[in-house]
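In the structure tokens that follow, the same protein chain appears in two forms, which are kept apart as structure 1 and structure 2.
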Structure 1
Amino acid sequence: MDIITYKNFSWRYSGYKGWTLHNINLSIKKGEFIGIIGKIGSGRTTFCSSMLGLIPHFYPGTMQGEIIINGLNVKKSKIADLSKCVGLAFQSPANQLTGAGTTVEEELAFGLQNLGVPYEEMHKRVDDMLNLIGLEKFRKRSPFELSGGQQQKVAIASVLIMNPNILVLDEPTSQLDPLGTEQVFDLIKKLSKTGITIMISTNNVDYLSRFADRIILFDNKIVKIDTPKKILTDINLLKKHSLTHSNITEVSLRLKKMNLSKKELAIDFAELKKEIEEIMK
């Protein structure tokens, strides 16, 4: 079943001449893990905002076409209704943190309180989430007294705790340390296995190559939708869109150029390791 459908969707912000997104056609199946890539200004954030209905309801502009999310027509639905099934983690934690709670745990509980979740359950979900993101130590601190990366974790957690069907993440790990990034991706992968649909905008190709089912390349329109393998080994295409292939693919490419290997280009660590071990036999 398609959980997300875009039909001839276009969007122009008022005051701007061109379409930020033009003629988007797309269907995503329930439970898919989708990576969203593209250079800065390619419309990725706009696309993320449209799944929650911030576009067209919050930002002024012109919309064409249709978006159906979890059976709801975005144009005809309220953001409040859409947000029951879609969780959106913003790029900048400053935009996410409500400031309504004075502590990290209150911040995490905020959305649940609004839905009237019973106290016991709320407590348990906050505890579990703090544990999951490794911020138990900071539960009584104000989110605004945390470091940039810790704030980003709290912002992501405040979305995850709502148990959305569709989780939309806009550059969720941009400020995280390397292990923090790995933790967040591992967590998202775990959620994905429980049937949640993941839409993640990131240029971290190392992780997308391991986790994504499909990747969408944006450049104010959809340039290509395909498997990580097809997109992340298309070096010229990536270059054209100001993106880069990983060092894994670079080594694999050089092995081919030197006629040491005839395999198709590798995108992940284990794959390349095996390839080299065979060459070295």
Structure 2
Amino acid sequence: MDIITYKNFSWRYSGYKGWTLHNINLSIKKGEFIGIIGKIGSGRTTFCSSMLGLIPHFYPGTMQGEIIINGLNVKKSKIADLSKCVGLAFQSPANQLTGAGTTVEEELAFGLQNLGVPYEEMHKRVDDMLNLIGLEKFRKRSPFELSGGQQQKVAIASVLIMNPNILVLDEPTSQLDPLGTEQVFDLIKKLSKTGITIMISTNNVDYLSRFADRIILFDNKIVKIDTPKKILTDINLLKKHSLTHSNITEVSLRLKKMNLSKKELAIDFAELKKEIEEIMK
């Protein structure tokens, strides 16, 4: 069952001559984990914003075609209605944390309070969410006292607690150190097993190779949609669109150039480990 459908969608921001996104046709099934990659200015953030209806309802511009999200026509629906099925987490957790509460648990409860969720249910959902993101011990701490990775987990949790069908993450680790990045992707890995549809825009291909079902390469249009293996090992394709393959793939590529291996290029550590073990034999 398709939960996201784009039909001949194009978007041009007001004041610009060219299309930021042009002729997008796409179908995403419920429960899929989709990675979105592309150079700066390729339209990835615009694409993410369109799923929540910020485009065309918030940003001025010209739209062609249509977007159907969980049965709702984006152009004909209100952002408030779309936000019930789509959760969007931004690059910087500081831009998403409301500061309405003084503690992590109050931050998570804020959206539920606005919806008038009964106290017992709200308390349970907050407890469940703290357990999911692994921050039970920090529930009484201010979210602004946490590390960057922990703050981003709280920001994502504040979206998840509203029970969206689709989670959209726009460069969620771009401002984090390696530890914070690992923490956030560990959470995303957990979420991918719950049946929620995940759309994540990131050029961190090491993590996408582990989790994504499919990857979309954008360059103001959809250049290619395929499995992580087929896209992330296509060195020429990535280079053409100003992207870099992973360090793991680079090691595998060098082994191939040295005639030590004839296997397909590796995209994750498990594949590379197996390739090296076979060489050692």
Partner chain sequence: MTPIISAKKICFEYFKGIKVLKNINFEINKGEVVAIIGQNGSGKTTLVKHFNGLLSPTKGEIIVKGEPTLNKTVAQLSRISGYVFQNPDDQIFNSVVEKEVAFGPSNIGLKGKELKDRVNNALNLVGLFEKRKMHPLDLDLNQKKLVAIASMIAMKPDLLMLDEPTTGQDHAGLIRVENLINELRKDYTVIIISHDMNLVSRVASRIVMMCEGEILFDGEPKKAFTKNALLKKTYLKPPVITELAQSLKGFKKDILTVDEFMEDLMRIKKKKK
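Residue indices: 1-based, along structure 1. Here the structure is a predicted model, which means the values were calculated and not measured. Rigid core here is just the name for the largest C-alpha set that superposes within 1.5 Å across the two forms.
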Structure holding the form predicted alone is number 2
Check: Ala212, Ile279 assigned to the same rigid part between the two structures = yes
Whole-degree rotation of the smaller rigid portion against the larger portion between the two structures is 17
Superposed on rigid core, Lys153 CA travels between the two structures a distance in Å of 3.9
